[in-house]
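In the form predicted alone, a lone chain appears below as structure tokens.
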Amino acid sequence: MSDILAILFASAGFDGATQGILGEGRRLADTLSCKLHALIIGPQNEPMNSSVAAIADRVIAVDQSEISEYDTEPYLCVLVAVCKQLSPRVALLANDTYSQELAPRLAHRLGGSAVGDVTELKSHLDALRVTRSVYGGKAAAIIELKRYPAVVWLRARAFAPAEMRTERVAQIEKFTLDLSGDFRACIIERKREASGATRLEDAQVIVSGGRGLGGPEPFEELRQLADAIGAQMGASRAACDAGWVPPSWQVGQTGKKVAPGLYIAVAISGASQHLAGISDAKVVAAINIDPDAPIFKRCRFGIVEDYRKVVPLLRETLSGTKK
């Protein structure tokens, strides 16, 4: 039990999160002088397979009709079977909803340990030490995992991608598992909601609204601003809980943890849970009518004013800057 396993979803493609997992997996495998295995699960994506094969030492692809769409139990059965065959020391996943749902279950079924929202991994003697934020991002905790496999999901964009190799490319191996049995749970209905072209976690610019907007209608005005600068839309938990916007927009400790180049917070006071979700943002700009709002302690640029006076001017000024 010494190799590293990167668990990837074909539906995500070769995005930033996938590249981060492979980058950290490659670094950790090289440090421990072991192999990096990559498991790609779901309807296959040949360009993704080729890119992964240029980084990992071994690539295992699982593409069956039973897993054409995500379903917790079939996916978990595949992961357990592959892990039992490989006996990895560490299994790495992304920070998407699927990974967060699967990680603790996988660790439990394998008798290992699990931890999430990791920003750093290090091997220490016979244990794995991981670093993650605690207390709403006000402190960092170093956790030592001694039960293997260590199943870890990584914070989005916290890890650099690996360089692709040209001299040695891994072969794509097919893996098939009998998934015809009954499962403990099954999906009986799926509902899809529209989303932007880019995942919120991968967005470079985000325009986010909060409780101070007062209702769902002002978010349309924010959307116009976001469209003008090519940004993704986000929101605070209060706005999502009120039903003004979809839950998938939620940014914060219990929502999406984002790391954009620019985060524009409109009418968001800046509770510690929200600030934890934007702790990796490079630049934060805030518009709030309350000069004592906590968000101003985190932002680089701040405007103390009613958003209704500022947003139209911003939209007019920034129109045409979208690249």
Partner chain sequence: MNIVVCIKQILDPEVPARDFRIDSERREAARGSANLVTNIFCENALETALQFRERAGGRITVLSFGSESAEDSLRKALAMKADAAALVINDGHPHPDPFAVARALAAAIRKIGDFDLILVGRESGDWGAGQTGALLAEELGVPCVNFVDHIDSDSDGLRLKRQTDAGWEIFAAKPPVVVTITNDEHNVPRVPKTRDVMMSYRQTLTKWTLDDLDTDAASIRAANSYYEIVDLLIPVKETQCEFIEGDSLESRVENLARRIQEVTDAL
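Residue numbers count along the first chain shown, from 1. If you're wondering where the values come from, they're calculated on a predicted model, not measured in any experiment.
What comes next is about the form predicted together with the partner chain, which is not displayed.
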Notebook entry, point to check: Would P47 count as touching the partner chain in the model of the complex under a 4.5 Å heavy atom rule?
Noted result: no
If you check in the model of the complex, is L32 within 4.5 Å of the partner chain, heavy atoms only? no
- Message: Residue-level contact is defined here as any heavy atom of the residue lying within 4.5 Å of the partner chain in the model of the complex; does S51 satisfy this criterion?
- Response: no
| Is S123 close enough to the partner chain in the model of the complex to count, meaning some heavy atom within 4.5 Å? | no
With the partner omitted here, the residue among I187, V169, I172, M164 that in the model of the complex has a heavy atom within 4.5 Å of the partner chain is I187
With the partner omitted here, the residue among L36, I264, L39, V258 that in the model of the complex has a heavy atom within 4.5 Å of the partner chain is I264
Does each of G20, R58 and D178 have at least one heavy atom within 4.5 Å of the partner chain in the model of the complex? no
Exactly one listed stretch (275-283, 39-47, 24-32, 58-66) reaches within 4.5 angstroms of the partner chain in the model of the complex by non-hydrogen atoms, and it is 275-283
Applying a 4.5 angstroms cut-off on non-hydrogen atoms, the residues of 145-162 near the partner chain in the model of the complex are L145, K146, R147, W153
